[in-house]
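One chain is shown next in structure tokens, namely the form predicted alone.
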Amino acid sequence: MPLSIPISFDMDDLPFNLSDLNNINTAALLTGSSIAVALTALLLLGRSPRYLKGPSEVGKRIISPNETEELCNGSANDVPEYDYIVVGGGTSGCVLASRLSENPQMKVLLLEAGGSGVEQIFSRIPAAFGRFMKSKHDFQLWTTPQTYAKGKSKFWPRPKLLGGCSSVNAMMFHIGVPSDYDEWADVMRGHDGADKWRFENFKKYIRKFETFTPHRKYPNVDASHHGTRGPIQTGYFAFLSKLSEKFINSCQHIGIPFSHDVNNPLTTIGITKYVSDCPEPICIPKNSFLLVTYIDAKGQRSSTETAYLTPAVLSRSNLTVATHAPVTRILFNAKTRSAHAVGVEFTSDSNSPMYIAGVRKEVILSAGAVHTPHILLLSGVGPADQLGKHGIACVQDIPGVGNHLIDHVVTQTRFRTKRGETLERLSDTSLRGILVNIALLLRWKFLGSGPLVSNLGEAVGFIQASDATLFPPVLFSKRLEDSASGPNGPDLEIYCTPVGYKSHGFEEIPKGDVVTISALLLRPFSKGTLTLKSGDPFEPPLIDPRYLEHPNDLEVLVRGMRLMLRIAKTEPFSDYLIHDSDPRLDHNLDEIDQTAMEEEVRERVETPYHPACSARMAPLEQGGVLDAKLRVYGIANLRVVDASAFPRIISGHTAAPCIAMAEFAAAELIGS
């Protein structure tokens, strides 16, 4: 999803910390945008972070290398020890820390490289989520030059916050399709625990994390496919613009079926969003539904931090959460015949002291699809030849670490709309715009409604690029390889965003009201790599997703481009557009031929922030890193629980399976 609407306030403008709000000389703030900033800070003053600690409070400072060696040799006496150490407080890590610490006998340490998402305005207001990009809360990563995408390096934002991507994503609650999980089980067929990943067995973990709130206006959704008692709040609370309504009408007009709930295993294909009124005969029924989002009844984001690390959970005496504590490597016992994790090394930044903490039971890596394989490699777990090149002693030779990296790929089109039909007004920095934003902030805070509750990806459709209705063979003659996980699995997603943006919002587009339509490749064949650039833990790894290396990926996105352009010229959506010949817009793009369209796709591809499979669960001989219980091969007390563990990327958004995977792993550990 895109950079959010550039709402006319920014936390970086604040001359104070939220915790110091009571000490502010308010008279000094009553100018220009500072009014909006101060009001926002007041409205969003969250819980005190008194339960969150720093590295020095949870580990032993390393004065000499001998102290680390003592821990590795089993002779250290004064190192703080925990039963479980969870590395990474992201989408999965918060779940694990909360669930494992439910047992008061288990001492749990959660280490997060960044701070708290709850304290950040851009995380609490749904429409503001993209403000984290290129801020201090973003790792600000880049890929290597992409050979099949015009040789460009691509920006890869990755959050440094508790809650991880769940604190900054577009809040689309989507689980993929049942065959995605059956495919995971098939990958591990014959291995102990493989069948636990089949959808019929795994779905209980999806429902375990969710509390779905039905809405009286939308009775046709089958609530039995949703959870009722989980920490994560889902429902129909997101804002919907009229432009997105008309987008859905036009999608139906060209043959995309309407789905009341794409999370229902029986209706995974189709377009979804509620439309209140529209002309016959393409009217969506009045009892139709919004895309379910991770937005609660108050109009605020429901992240794994807000849901699982509540004040009551953080007050547990057996749970310690340390922020601004990036882990630099896992430590292993040098005396045992097989590798055994004994602790972790961590710090605050490259100029700060190192600390160590010991572990009695397990270390669990939940640092995400980039940082989990990076930490494994820095710790000596990975391809022996690569480790040797960087002077890292090999603890366990596993060639698959960092290989099989897969990311969804997205391309966008942009169109001029009639004035006032988009959310562009939220970026107005004039005095009038600031006053409007203040009013919208008050509406959001006290009523939980209004444009600030938009998740931006307001109307979403899941389709198959082989659908002959949408892509007649006479016009689309290239044969596609079947990438879907099953007969009802989509390979292409389209969505409407009522704001114009390009390159995550950092490349200039025409001013004024512009709408963006996106096509997302759900099942890419192209596979990339993540490798070490050096042995320095603060030097980012080399990220090469190899976008569009497989020709099938290119053809699916070409079809996605053609579909978006067709929708833009279909009533009633087309009635809200105004033709604009500006070359940065796409009103005339449908006139180009196949070769030129392929070049447009290569030029436009970006990440939709869904990297996965870089330390995947698969048989060792097939390049796997983890067994069916998510344990690293050859290291019995080291697990990986995040998107890097996916055997194959799902045909949907990755947050839900990450949360469910953490629920599964916690249940396995508690049960054992």
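A residue's number is simply how far along the shown sequence it sits, counting from 1. Note that the coordinates shown come from a computational prediction; the quantities given were computed from them, not determined experimentally.
The protein also exists as the form predicted together with a small molecule; that form is not presented, and the subsequent description refers to it.
Visitor: Using heavy atoms only and a 4.5 Å cut-off, determine which of A170, V395, V499, V108 is in contact with the small molecule in the predicted complex.
Guide: Filtering the options by heavy-atom distance leaves A170.
Visitor: L530, L71, L452, V87: which sits within 4.5 Å of the small molecule in the predicted complex by any heavy atom?
Guide: Going through each option in turn, the one that passes is V87.
Visitor: Which is the contacting stretch out of 215 to 223, 156 to 164, 475 to 483, 507 to 515, given heavy atoms within 4.5 Å of the small molecule in the predicted complex?
Guide: Selected stretch: 156 to 164.
Visitor: Test of understanding: in the predicted complex, would F525 fall inside 4.5 Å of the small molecule by heavy atoms?
Guide: Output for F525 is no: heavy atoms all beyond 4.5 Å of the small molecule.
Visitor: Although the partner isn't part of this model, could you tell me whether A113 comes within 4.5 Å of the small molecule in the predicted complex, counting any heavy atom of the residue?
Guide: Although the small molecule is absent here, A113 would touch it in the predicted complex, with heavy atoms inside 4.5 Å.
Visitor: Is W142 a contact residue for the small molecule in the predicted complex, using a 4.5 Å heavy atom cut-off?
Guide: Outside the cut-off, so no.
Visitor: With a 4.5 Å heavy atom cut-off, would you call G461 a contact of the small molecule in the predicted complex?
Guide: Looking in the predicted complex, residue contacts with the small molecule do not include G461, since no heavy atom lies within 4.5 Å.
Visitor: State yes only if every one of G230, E663 and A666 has a non-hydrogen atom within 4.5 Å of the small molecule in the predicted complex; otherwise state no.
Guide: No, none of G230, E663 and A666 comes within 4.5 Å of the small molecule in the predicted complex.
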